[in-house]
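Next comes just one chain, in structure tokens: the form predicted alone.
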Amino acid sequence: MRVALVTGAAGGIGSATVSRLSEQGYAVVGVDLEEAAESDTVAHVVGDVRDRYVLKGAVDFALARWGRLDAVVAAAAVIAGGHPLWETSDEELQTLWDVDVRGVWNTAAVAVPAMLAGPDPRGCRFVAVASAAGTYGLFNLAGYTTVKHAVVGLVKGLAADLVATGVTAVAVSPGSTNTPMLDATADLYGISDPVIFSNNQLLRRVLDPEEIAATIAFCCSVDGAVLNGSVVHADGGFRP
């Protein structure tokens, strides 16, 4: 049985990823600020990705219960903005940085050593959820754009550090996806119906979180090794 750790596991893409991996036979430990359902093969830790000790506890739980850690999905994130860079407060930028970048960093820092020390490093995968904002500049979201570009850089640097170990790192960059974060984005723009964001995707529809989860699940698989160091643009043809 492969074992995965998923942050941001209580909603949106993270929750869909827990479900997809569980369906594929993984045991999963989820981490989120909110509660989430558990089962014989799905455990959940309530905690903040800004706290490295919470994440270390989740990794230790996986190792104690299932004896290994094969895949890690860093999906926890927040969004903020709705104004230009020069009107962005230090507090807002700090929150974005601490959750969206340091949260991913903390996850990698505690999980990668466990994968390297495990029974099959060559099958181990680290997947960070970035965003189309990690490729493009988005209007009135300079802070969010900055931190998602940083997530992409983090993954590329991690992949370089992991050279020849067998453990791989990849970023998945979703487009507009039907999640609470998309609702929050619409609120920042004063938009009542987030479906309008589909106009920026060549599919001309908003993506489902299950579609992104399917992409993430492949990245977590043994076959996902070929994606090492890359950015998977699961964005439906997003164009700002």
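Keep in mind the model is a prediction, meaning the values are calculated, not measured. We number the residues from 1 along the sequence you see.
The form predicted together with nicotinamide-adenine-dinucleotide is left out here; the points below concern that form.
Partner-facing stretch of 186 to 194, 168 to 176, 22 to 30, 58 to 66, counted where any non-hydrogen atom is within 4.5 angstroms of nicotinamide-adenine-dinucleotide in the predicted bound form: Within 4.5 Å of the partner lies stretch 168 to 176.
Non-hydrogen atom within 4.5 Å of nicotinamide-adenine-dinucleotide in the predicted bound form for each of 12, 75 and 180: So, yes: the whole triplet contacts nicotinamide-adenine-dinucleotide.
Single option in 129, 155, 124, 111 placed near nicotinamide-adenine-dinucleotide in the predicted bound form, where near means a heavy atom within 4.5 Å: In short, 129.
4.5 angstroms heavy atom contact with nicotinamide-adenine-dinucleotide in the predicted bound form for residue 150: Contact check for residue 150: no, nothing within 4.5 Å of nicotinamide-adenine-dinucleotide in the predicted bound form.
Residue 34 within 4.5 Å of nicotinamide-adenine-dinucleotide in the predicted bound form, heavy atoms: Flag for residue 34 set to yes.
nicotinamide-adenine-dinucleotide contact in the predicted bound form: residue 52, any heavy atom under 4.5 Å: It does not: once nicotinamide-adenine-dinucleotide is placed as it appears in the predicted bound form, residue 52 has no heavy atom within 4.5 Å of it.
Residue 48: touches nicotinamide-adenine-dinucleotide in the predicted bound form, heavy atom cutoff 4.5 angstroms: Heavy-atom contact with nicotinamide-adenine-dinucleotide at 4.5 Å: present for residue 48.
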